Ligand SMILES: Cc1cc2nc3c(=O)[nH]c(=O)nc-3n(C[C@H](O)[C@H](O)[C@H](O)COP(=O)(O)OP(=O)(O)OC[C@H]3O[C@@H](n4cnc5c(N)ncnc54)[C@H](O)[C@@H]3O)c2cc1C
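Quick heads-up: it's one chain on its own, the form predicted on its own, in structure tokens.
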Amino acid sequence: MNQADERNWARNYRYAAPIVHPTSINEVQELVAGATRVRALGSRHSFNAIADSTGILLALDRLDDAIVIDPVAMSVTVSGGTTYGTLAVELEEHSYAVHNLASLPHISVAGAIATGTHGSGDQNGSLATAVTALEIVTGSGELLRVSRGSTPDFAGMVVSLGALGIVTRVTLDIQPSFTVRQVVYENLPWTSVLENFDAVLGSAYSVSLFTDWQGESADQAWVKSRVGDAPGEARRDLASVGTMPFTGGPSFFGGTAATIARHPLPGITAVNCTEQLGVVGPWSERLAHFRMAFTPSNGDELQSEYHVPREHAVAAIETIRTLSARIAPLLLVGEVRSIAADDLWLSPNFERAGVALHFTWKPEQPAVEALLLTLEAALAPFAVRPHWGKLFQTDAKTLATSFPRLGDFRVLADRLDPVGKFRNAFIARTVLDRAHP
């Protein structure tokens, strides 16, 4: 049991609970059964108190990390502590893929799906939409197996915020491997972007806009285009193209193609970013923004993210731009991405196609949190929903108006965890709307 000064990836949050590293599911069951309060700790990429506990924290990074591919069911089963980077390498070696990756591949599978983490693409749901089955250790220590299509309320169990139990195994949909070319365009006029917003975000498999919210242009567009759909076709394309760059054309909605690789932040080397300049490569080396071989020790930053329905995205962006003078002094970079609708109760994209408005802040938490109150008030008319793993100020009463199944989730949590073993102050504030004992 580790009681050292343990912090999250960004080092803005210190965990109060001691951390235990079980090495088997049986040990997880015993620890959970014997605990009064317990939570799972993933790869520590949340920026708030969502993972903490007044009891113990279970880090699943030492569980059996066997990755089991089922080519008949077209699925893969992994430990809850497995990272997407590890999974992606294994799948690509066997000519398979998952549908998308987040910007950073070092996040754990269980943690990412529990918080509704996502990549980008009009037709791409969040990472949680690929989940077909879960193994969950409940408060009594029982191992509960649930699956899509056969378990009632399964749609409420995937983006669960860790409030239902400890997820020890996850089964995901897979597909044949494919290749991607990534081209970065610079200085896209906001007038062109907003007048053609659907065309911009729908122009490729995955599109991200990076901005400092100042001036009349979005700084960069990262355009990731899918090349081959079948494994053989993809590899023929990769073999024939080799490393010859493909710029994708000199312009993109008024932006110009970058001639050297870019980092989202100006003046920073792109050495740790996934390859650009149109060089075709496997999905596993293009869909994330950062290379899997690059292992960040900590991030000197804070993050917030707000999701709005697609139909409100342009108005929300225009509203944020009016706040640029207040945002810019605290901002490192902003990002705009699209995500497909889903049926997962606590997903920010529940029953609506969404646009994610992401903010990477300087590590000045009191000032950032004060600004978030203003930002959230400005975005309130647009049915805004926060990313559960990032900084936000909204409480459960307000969240219940934007997450229509939040009340049903409370009932589900009371049924699966009647004694509140997996609850903490964060869950009490944002979900339960009642005090945490």
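Quick caveat: nothing in here was measured; it's all calculated off a predicted structure. One rule holds for the numbers: they count along the sequence shown, beginning at 1.
The same protein has a further form, the form predicted together with this ligand, not shown here; the description that follows concerns it.
Asker: Can you say which of 192-200, 117-125, 70-78, 314-322 gets within 4.5 Å of this ligand in the predicted complex, counting heavy atoms only?
Answerer: Heavy atoms within 4.5 Å of this ligand in the predicted complex occur in 117-125.
Asker: Heavy atom within 4.5 Å of this ligand in the predicted complex: which of Gln220, Ser338, Gln303, Gln276?
Answerer: Selected residue: Gln303.
Asker: Among Ala257, Val280, Ile107, Leu91, which has at least one heavy atom within 4.5 Å of this ligand in the predicted complex?
Answerer: Only one option qualifies, and that one is Ile107.
Asker: Looking at the partner-bound form in the predicted complex, is Val167 within 4.5 Å of this ligand by any heavy atom?
Answerer: Although this ligand is absent here, Val167 would touch it in the predicted complex, with heavy atoms inside 4.5 Å.
Asker: In the predicted complex, is there a heavy atom of this ligand that lies within 4.5 Å of any heavy atom of Pro386, even though the partner is absent here?
Answerer: Output for Pro386 is no: heavy atoms all beyond 4.5 Å of this ligand.
Asker: Against this ligand in the predicted complex, would Ala102 count as a contact residue? Criterion: heavy atoms within 4.5 Å.
Answerer: Close contact exists here: in the predicted complex, Ala102 approaches this ligand to within 4.5 Å, heavy atoms only.
Asker: Can you check whether Ala112 is within 4.5 Å of this ligand in the predicted complex, heavy atom basis?
Answerer: Yes, contact at 4.5 Å.
Asker: Enumerate the residues of 29-51 that have a non-hydrogen atom within 4.5 Å of this ligand in the predicted complex, in sequence order, or give none.
Answerer: Contacts from 29-51: Arg39, Ala40, Leu41, Gly42, Ser43, Arg44, His45, Ser46, Phe47, Ile50, Ala51.
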